[in-house]
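First, one chain by itself in structure tokens, the form predicted on its own.
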């Protein structure tokens, strides 16, 4: 996979949309049955048979299409990567597993493609509503077939901010001050649905601790729409480790950094 032309990127985009349509059908069917639910690090860190089956399906599709692919994924079917060299794919087979298990809403399936550490394409599938938010800096960002415009550049006090509930509860990273300054705040409990709300202009910002598969797709879509994505100190994200991620409008980003550092 050399430098990708616009047409090549559009072809990849359409191919991944077909994969996501297939994996969505599998996920919806599984939701009608008894899920096998397990814990990982603690009782709130859940994984299901669907997480694992979806990841195996998607990583197999990627490796078949791109034999030089490197994959970073959540459930163990990816690779251990030390650099962002080459074609790097990120896969989150069920983002928001707690929501998936307990609510059957506010969860997503996410894929992202970076090449030589540069963002290329991303996909966030809202499984329940059957909407894929997809695209990149070259082809634009779409909700299914509808091209999205950049959200309004509102300040923190003019909009809703989305925050990590656990860190808000314990007053970490200035989240308590940020919540008080915002017009309102919400806790969604999943990265994909939260990124969606920001790129649609339903929230002016979102911050939480995330792993690379949590933020890789959202970063591409957000930046392609003119939003700012950084760590909570305003520094570039480390694509190979966990970060306290902040995505926001330009004005809200400045407001949040000021409150965090105060």
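Residue numbers count along the first chain shown, from 1. Everything numeric here is computed off the predicted structure, so don't read it as measured data.
Separately, the form predicted in complex with a small molecule exists; it is not shown, and the next lines address it.
Determine which one of 154 to 162, 138 to 146, 122 to 130, 89 to 97 lies within 4.5 Å of the small molecule in the model of the complex, judging by heavy atom distances; exactly one does.
Stretch with heavy atoms near the partner: 89 to 97.
Out of 63, 197, 56, 209, which one falls within 4.5 Å of the small molecule in the model of the complex, going by heavy atoms?
The option sitting close enough to the partner is 209.
I'd like to know whether residue 191 contacts the small molecule in the model of the complex, with contact meaning heavy atoms within 4.5 angstroms.
Residue 191 belongs to the contact set for the small molecule.
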